[in-house]
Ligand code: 9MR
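Next up: just one chain, as structure tokens, the form predicted alone.
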């Protein structure tokens, strides 16, 4: 069913107002930035108050699962676009840009894919899928995460690429093939590599930053149409941010001509005390510290949180990030009651103080 502005917000509180009078969307726009969030089509359809907040605060959205391979091609050659079509309509009727996530990853793939990769069909399967999915939304999408989390020196890798199924089947050229297919299907979309664990002051993050500063020049020298880099930024308060090395890394990315998006910002408060005020101070301080570093780089053009509210968040359910005391998490802009958190205010302040683009 095609949606309209009226049906998208049916039953929602139309008079919702952002704290301090201006939404995150408005604050970001004033600096030439986009603010947005990961969203779910099902939740937008069934939770009107949540949908109203998304419409209020977000100028860009990214589907959490609707564009991943398991959702779009659950059986080989059988595509499913109902949720993604609905979300594209929702974005259109609210004047939102869209990032789509993702076209090649080692996770969240349908069961049939492993067999197809092992049977020598890998390149044909990749090109067919990318052509069908990216081509369906050609001209409507700001950006695609083409290759998600392709590099991590903690795992088995060579040529600065993790040895996932695509790498086993096609070698390092799988990245070239994925980007070439995406560019052919939608030449107007910005094409991104998206990855995590780049921001910390430890050997693992430094090795990962160094790996990308080797990998990206090789890709660009071969003419691979990598146009952007996504910073996931699932932050952990117990780990120290590497402010200067991270600034230097972002400057190097910008120097390659890449657009940068913060794509999945959230904070796990798993290790913080139970007291809400104490947690909020720590979460706000970390969000502001991170964003002050990132937004100083003018190649950064968008900031998206991985969810707008902890009412619907992996922060409450995933064992690696959820609190062990059962208390609801607070590491997103709105809490479970859809009230703005200290993190909302920290993001707002960081946007207000960011240099203009």
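No experiment lies behind these values; they were computed from the predicted model shown. Numbering follows the first chain given and starts at 1.
Note that the form predicted in complex with this ligand isn't included here; everything after this is about it.
S.K.: Could you spot which one of 149, 73, 280, 160 gets a heavy atom to within 4.5 Å of this ligand in the predicted complex?
M.R.: By the 4.5 Å heavy-atom cutoff, the listed residue in contact is 149.
S.K.: Since exactly one of 174, 105, 86, 246 fits, which has a heavy atom within 4.5 Å of this ligand in the predicted complex?
M.R.: None of the others qualify; the residue that does is 105.
S.K.: Each of 22, 342 and 344 near this ligand in the predicted complex, meaning some heavy atom within 4.5 Å?
M.R.: Heavy-atom distance to this ligand in the predicted complex: none of the three under 4.5 Å.
S.K.: May I ask you to check whether residue 65 falls inside a 4.5 Å heavy atom distance of this ligand in the predicted complex?
M.R.: Residue 65 belongs to the contact set for this ligand.
S.K.: Would residue 99 show up as a contact with this ligand in the predicted complex if we use heavy atoms at 4.5 Å?
M.R.: Flag for residue 99 set to no.
S.K.: Quick one: does residue 167 come within 4.5 Å of this ligand in the predicted complex, counting heavy atoms only?
M.R.: Output for residue 167 is no: heavy atoms all beyond 4.5 Å of this ligand.
S.K.: Whether residue 232 contacts this ligand in the predicted complex should be assessed with a 4.5 Å heavy atom distance threshold; does it?
M.R.: Residue-level check for residue 232: yes, a contact with this ligand.
S.K.: Within 4.5 Å of this ligand in the predicted complex, counting heavy atoms only, one of 87-95, 174-182, 254-262, 106-114 shows up; tell me which.
M.R.: So the stretch in question is 106-114.
S.K.: Quick one: name the residues from 304-325 with any non-hydrogen atom within 4.5 angstroms of this ligand in the predicted complex.
M.R.: Going through 304-325 in order - heavy atoms within 4.5 Å of this ligand in the predicted complex - the hits are 306, 314.
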